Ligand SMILES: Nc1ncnc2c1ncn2[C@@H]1O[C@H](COP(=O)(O)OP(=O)(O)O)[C@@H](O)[C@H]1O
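Shown below, as C-alpha cells, is a lone chain in the form predicted alone; questions about how it binds or moves come after it.
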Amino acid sequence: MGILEAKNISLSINGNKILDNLDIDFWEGYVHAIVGPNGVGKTTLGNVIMGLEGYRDFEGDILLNGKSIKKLNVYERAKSGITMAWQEPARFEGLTVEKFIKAGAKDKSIEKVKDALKKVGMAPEVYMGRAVDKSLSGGERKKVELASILAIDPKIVILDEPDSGIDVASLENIFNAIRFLKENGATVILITHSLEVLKQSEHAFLLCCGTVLRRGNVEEIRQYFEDKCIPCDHKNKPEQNGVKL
C-alpha cells in the first residue's frame, strides 16, 4: 500500500472524460513521475489529488495512509501534508518573497528563508525584498514557489512541469531541490512530458487518454514514451475542445 493512492478515478469536464478509471499509488519517500504528452490528464490528476475547486466531483477515491481524503478541501489536504506547485505559479501583488516563503513555513526565521532561496539558486539579498508579481519572470516565480515548498517541509509534493519557464542554467537548481525533498523524507510526484525531468524519478507512470498505460522502471517508461508516445499523432478531444488538462 502506498502513502497516497488514487483508486479508480474517473472525471468528466464539460462532457469530456478526462480521467478514465485511473488507478495509481505512490510509495513513501520515492520520487515518482507521471509522464505523458499534453492533454492526457496529468495535471487534472494532480488537481484531483490536491482537491482543487472544479476537480472534486469525481468517481473513485483518494487515500492518504489508507484513509479517504475525498471529502477534505484543499486547505485540509494541505494540513495533512500534501502540497502542489503549479506549472504557472501565481502572482501576489504587494507580497514580498520573504513573506511568501514564511507564510506556510513552520520555522519562520530569516535563516530558513535564506536557506530555501539558496537551495533553488536565488540570492537572498537580491530576492527577499522583491514582490511576487509581474516584476519577476515566470521562471523566478517558479523558483520562489519551490523555495516556499522547501520551507514547508511537506510529506507529499506534487510538482507540475517543474522545468517550465526555467532556463538551462537554473534547471540543476530545480533538480537539486527535488533531491533535497527526497533526502528529507518527502514523497515527490513529478508531472511532466520532459525526458530530463523523467530521469530525476525512481518510478514512473505513463498516462494515455486519462488512464495508466504503463508503470514501473524509469528507463523502460522513458524509452516507450520517447519511441511510441512522442511520435504519436493522436489528438485528445478535451484539448481540442479547449479544456486545460
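Just so we're clear, the structure is a prediction, and the values are computed from it rather than from any experiment. Numbering starts at 1 and runs along the sequence shown.
The following text describes the form predicted together with the named molecule, which does not appear among the structures shown.
The site on this chain is blocked, since the named molecule, superimposed from its pose in the predicted complex on the surrounding C-alphas, has 3 or more atoms within 2.4 angstroms of backbone or C-beta atoms. Contact with the named molecule, judged by heavy atoms within 4.5 Å in the predicted complex, is confined among 66-74, 196-204, 41-49, 176-184 to 41-49. By the criterion of a heavy atom within 4.5 Å, residue 37 is counted among the residues contacting the named molecule in the predicted complex.
With a 4.5 Å cutoff on heavy atoms, residue 164 does not count as touching the named molecule in the predicted complex; it lies far away. Residue contact check for residue 55: one or more of its heavy atoms lie within 4.5 Å of the named molecule in the predicted complex.
At a distance threshold of 4.5 angstroms between non-hydrogen atoms, residue 229 is out of contact with the named molecule in the predicted complex.
Contact with the named molecule in the predicted complex, judged by any heavy atom within 4.5 Å, is made by just one of 170, 87, 96, 80: 87. Residues of 2-20 placing a heavy atom within 4.5 Å of the named molecule in the predicted complex, in sequence order: 13, 14, 18.
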